[in-house]
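One chain comes next, on its own, written out as C-alpha cells in the form predicted on its own.
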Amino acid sequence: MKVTAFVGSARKQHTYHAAEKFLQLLQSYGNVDTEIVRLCDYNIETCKGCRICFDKGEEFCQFKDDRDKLIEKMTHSDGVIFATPNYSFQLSAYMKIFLDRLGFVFHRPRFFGKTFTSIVAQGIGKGGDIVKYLHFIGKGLGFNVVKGSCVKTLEPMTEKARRKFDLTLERASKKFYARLSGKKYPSPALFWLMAFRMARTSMQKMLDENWRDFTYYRDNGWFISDYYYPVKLGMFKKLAGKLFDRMALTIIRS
C-alpha cells in the first residue's frame, strides 16, 4: 500500500516531523510504502476564481503549474495525509492555495476507496477547528476519512509534551492503518447521500453536454446510481435518497 503525506509547511520542523513519525508508525504495522510531499517544493499558482475548471474542465486552466503532478500523487496513493501547521488559527498558506487549486474536485469528486486523515501541529489552540475543516475537505474530495489529530508543539517542548505528541500520533496511525486495511467503500452518512442526490438531480435537469460537471456525472453513471460508488443502501437510505431527489426537483421548479 502507498501512503503520501502532503505537508503545508516550508520548515522541516514540527509539522514535517509529525508527518514523518506518522508514516514510520504505519510502516511498522505492515507493508506500507510512504512518501512526504512538501508543498513548498512545488509550483502552485493562486486560484483566480475564473471558473473555467468548473464549467469547461480543469485542463483549460490558465495556469500550467504542478497541480496535476500533485493530483497524480493522490491518485496513485491508497492513503493520503494533509499535514499543516496552525498559522494565525488557520491552515498554512501553502495548504490553502493547494486546496483552492483542487476546487473543481469538490464538484467532481474522485478519490473514492482511498483513506484520508489530517495532522495539525500547533503551539496553543484552535487546531481542533482546522482538523474539523480538513475532515470535511477529505469527505468532499471523495476520501474515506479517519478523524484527524492535533499535536501540540509549544516550544520548548517538555518531556511530558513529547510523550503526548508521540502517543497522539500512535493512536491516530493505528486507526488510519485499520481503515486503510479494511472496508474501502462504507455506506454514506445521510448528509453525503443528500449532497450526492441533490447535486446529481440538479445537474441532470439544469445542465447539458456543454458543462463538464454534466458529462462527468453521466460518464460515471451517477445519474442512475444510488451513490458515487457501488454500495448497498438499507431501506431507510434508499427512501431518503428518493426524497432528496424530489427535494432537488422542488427547488429547481420553485
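The model shown is predicted, which means the values in this text are computed figures rather than measured ones. When you see a residue number, it is the position in the sequence shown, counting from 1.
The protein also exists as the form predicted together with a small molecule; that form is not presented, and the subsequent description refers to it.
Student: Among 134-142, 119-127, 176-184, 100-108, mark the stretch whose residues have heavy atoms within 4.5 Å of the small molecule in the model of the complex.
Tutor: Looking at the other structure, the answer is 119-127.
Student: I have Pro85, Ser88 and Thr153 flagged as a candidate spot, so tell me whether each of them has a non-hydrogen atom within 4.5 Å of the small molecule in the model of the complex.
Tutor: Checking in the model of the complex: Pro85, Ser88 and Thr153 are all within 4.5 Å of the small molecule.
Student: I'd like to know if Lys238 sits close to the small molecule in the model of the complex, meaning any non-hydrogen atom pair within 4.5 angstroms.
Tutor: Residue-level check for Lys238: no, no contact with the small molecule.
Student: State yes or no: in the model of the complex, is some non-hydrogen atom of Gln24 no more than 4.5 angstroms from a non-hydrogen atom of the small molecule?
Tutor: Output for Gln24 is no: heavy atoms all beyond 4.5 Å of the small molecule.
Student: Within a 4.5 Å heavy atom cut-off, is Lys232 in contact with the small molecule in the model of the complex?
Tutor: Outside the cut-off, so no.
Student: Quick check on Arg11: any heavy atom within 4.5 Å of the small molecule in the model of the complex?
Tutor: So Arg11 counts as contacting the small molecule.
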